[in-house]
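One chain comes next, on its own, written as structure tokens: the form predicted alone.
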Amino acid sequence: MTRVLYPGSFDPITKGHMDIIRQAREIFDELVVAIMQNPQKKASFFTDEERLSMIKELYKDDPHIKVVIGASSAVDEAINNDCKAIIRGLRSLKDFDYESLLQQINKEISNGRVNTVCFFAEKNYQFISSSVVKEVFRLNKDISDYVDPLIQKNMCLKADKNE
């Protein structure tokens, strides 16, 4: 069985992320979705546990998708979960440049044990990011084109609690 890791902050998980998961599942036997902390982002909308719960709910019918909270680097998570590769989604040339650098570093620090496989987001999702979704949501605009109804519902519930 070939198992791969898809790391990300998923705050929130978008239809773009879900498209990458779909593409990866068409090729690989098992997929580990790792909820990671992004030190460059100031504050999260959802807690790690909330993201874990929602993503597990989205994929509850696929026993070949495992969702975990990452406690270390993506490479370490890949090794700890017996993954052969790290999955990355590409939306633009900027993403490609960044991921090219990361893949080389990841391969070096894993002593060649972990490769990187990139998938291109479908054209409808190439402009979607979690940051854009949160910004559109904060402007009280419709986000249904960008996230699953479960995620939209949870964003609304969380916003109502915080008011």
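Just so you know, these numbers come straight off a predicted model, no measurement behind them. One-based numbering along the sequence shown.
The form predicted in complex with adenosine-5'-diphosphate is left out here; the points below concern that form.
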According to a 4.5 angstroms non-hydrogen atom cut-off, is residue 38 in contact with adenosine-5'-diphosphate in the predicted complex? yes
Exercise: residue 128 in contact with adenosine-5'-diphosphate in the predicted complex, heavy atom 4.5 Å: yes
Residue 48 versus adenosine-5'-diphosphate, in the predicted complex: is there a non-hydrogen atom within 4.5 Å? no
Heavy atom to heavy atom, is residue 65 within 4.5 Å of adenosine-5'-diphosphate in the predicted complex? no
In the predicted complex, does every one of 9, 88 and 91 come within 4.5 Å of adenosine-5'-diphosphate, counting any heavy atom? yes
Just one of 121, 52, 114, 58 has a heavy atom within 4.5 angstroms of adenosine-5'-diphosphate in the predicted complex, so which one? 121
Given that the partner is absent here, state which listed stretch (92-100, 25-33, 134-142, 105-113) has heavy atoms within 4.5 Å of adenosine-5'-diphosphate in the predicted complex. 92-100
